[in-house]
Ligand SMILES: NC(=O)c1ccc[n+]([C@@H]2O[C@H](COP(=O)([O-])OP(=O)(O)OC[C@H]3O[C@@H](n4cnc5c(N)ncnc54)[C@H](OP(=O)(O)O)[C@@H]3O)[C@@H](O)[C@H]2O)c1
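Just one chain follows, in the form predicted on its own, and it is written as C-alpha cells.
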C-alpha cells in the first residue's frame, strides 16, 4: 500500500495536509514525522487510517538517519512526500543567536533536502512532492532575513527538482502561502524589540490554502501561490528593483514592545 510521508505533521499546515490527502487523494496510510508524539497520536486518531508515528527532531543528524533506517527496513511505496516542517523568527542579525540561526537553516533547508533525497528512491511514477516555501521568498525581508532566505532556497530547489524528476513521472511543487492562521505566527513574533509586521490580517484559512496546494500538486505544477496579495508580491518581484520592495517592507514594520 502506498503511503504519504509528512514532516511537521503534529500541527498547522502539516497536520492539515494529512486530512486533505486522505480526502482528496485517497491516501490510506501515513508516516507522520514531528517532535511531539502526543499531538501526532491525536492526528492519527482523527484520521482513522493506519499511521506510523516518528518522533524526530529534524535539526539533528541522528534523527534524520532514523528516517533513512526506517525506509530501508520497511521499503514503503511513497505516493506523497510533504515537507512541512520549518520555523521562522523575526529579528535582525544582532538579535538572533547562532543556534537559532543554524536550527532554522538545518530544518528549513538541510532537512528538506535530505528527507527528499532519501524518499525519492521509494517513489514511483505519479509520485508527488510538496515542499513548504513561503510568500516571503519573493522579496528581500530585513528583520526576517534567515527565514525568508531559507525559503528562497526551497523555491529554487523545488523548481529545479521538478525538472530533474519529470522523466521519472514524479513532480515537485513549492507551496508559497502568505500569512496563514496557524501557531507558526505567534512563535515567530516572540522576540521583544524585534521589528515585526504591523498587521498580518486577514490571515489565510489553512484548510483553504492546503486544498489549493493539493490540487496544484496533483496537476504537477511546480509552484502554488495562494492569495492575491502573495501573487502580487510575486509579480512585483519580477518588475521592481529590490531597493523599492525592501522600502515597502520596512514601512510595514513596527517594533515589538510586548
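Residue numbers count along the first chain shown, from 1. Every value quoted in this text rests on a predicted model; they were computed, and no experiment measured them.
Same protein, other form: the form predicted in complex with the named molecule, not shown, and the subject of what follows.
Novice: Would you please decide whether residue 179 lies within 4.5 angstroms of the named molecule in the predicted bound form, comparing each non-hydrogen atom pair?
Specialist: Residue 179: yes, in contact with the named molecule in the predicted bound form.
Novice: Could you confirm whether residue 13 comes within 4.5 Å of the named molecule in the predicted bound form, counting heavy atoms only?
Specialist: Yes, residue 13 lies within 4.5 Å of the named molecule in the predicted bound form.
Novice: Might residue 185 be said to contact the named molecule in the predicted bound form, defining contact as any heavy atom within 4.5 Å?
Specialist: Close contact exists here: in the predicted bound form, residue 185 approaches the named molecule to within 4.5 Å, heavy atoms only.
Novice: Taking heavy atoms only, is residue 107 within 4.5 angstroms of the named molecule in the predicted bound form?
Specialist: Residue-level check for residue 107: yes, a contact with the named molecule.
Novice: Tell me, which of 161, 115, 84, 141 has a heavy atom within 4.5 angstroms of the named molecule in the predicted bound form?
Specialist: That would be 84.
Novice: Name the single residue among 56, 32, 213, 196 that comes within 4.5 Å of the named molecule in the predicted bound form, judging by heavy atoms.
Specialist: Exactly one listed residue reaches within 4.5 Å, namely 56.
Novice: Have a look at 45-53, 65-73, 32-40, 213-221 and name the one stretch with heavy atoms inside 4.5 Å of the named molecule in the predicted bound form.
Specialist: Selected stretch: 32-40.
Novice: What residues of 140-156, in sequence order, lie within 4.5 Å of the named molecule in the predicted bound form by heavy atom?
Specialist: If the 4.5 Å heavy-atom criterion is applied to the named molecule in the predicted bound form, 140-156 yields 147, 151.
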